[in-house]
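Only one chain comes next, encoded as structure tokens, the form predicted on its own.
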């Protein structure tokens, strides 16, 4: 085999390896995101954690509450993800409706920041 052919074969092998590694990383990130969405849904429906369904109508939820607005088109309603996180967390200065009975879940340590992020991931699928 001529040296230039050998270098070409090596370059092709490196390119294939790089593409496969990149695809593997992308797949792992997608699986992690899917897992985060699934965990967020469980938290949103969990009566001892988020329990969003107690006050909000959520697609796929049974016996939803009617105290809060329906949770739909959340990404369109909250294009700034941090604002939705802050609302759930209960950050000072975040506007809630004056008559809102929503618990500040992060402030009162009902949910961790990680759990709130997972709920937001789930809500962004609604």
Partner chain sequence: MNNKLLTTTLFVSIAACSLTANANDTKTVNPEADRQAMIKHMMDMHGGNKINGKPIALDDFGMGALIFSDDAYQQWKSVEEFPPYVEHIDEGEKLWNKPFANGKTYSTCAGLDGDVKKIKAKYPYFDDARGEVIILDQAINECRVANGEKPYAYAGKDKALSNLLTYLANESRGNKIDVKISSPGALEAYKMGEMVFHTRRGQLNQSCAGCHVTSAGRKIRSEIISPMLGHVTHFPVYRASKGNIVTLQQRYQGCMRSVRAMPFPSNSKELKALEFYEAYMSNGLTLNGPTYRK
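Numbering follows the first chain given and starts at 1. This structure is a prediction, so every number in the text was calculated from the model and none was measured.
The next section is about a form of this same protein that is not shown, the form predicted together with the partner chain.
Although the partner chain is omitted here, in the predicted bound form none of 40, 76 and 125 has a heavy atom within 4.5 Å of it. Mapping the unseen interface onto this chain, residue 45 counts among the residues with a heavy atom inside 4.5 Å of the partner chain in the predicted bound form. The shortest heavy atom separation between residue 53 and the partner chain in the predicted bound form is within 4.5 Å. Using a 4.5 angstroms threshold between heavy atoms, residue 35 stays clear of the partner chain in the predicted bound form. In the predicted bound form, residue 65 approaches the partner chain with a heavy atom inside 4.5 Å.
In the predicted bound form, the residues of 102-119 lying within 4.5 Å of the partner chain by at least one heavy atom are, in order, 103, 104, 108, 109, 110.
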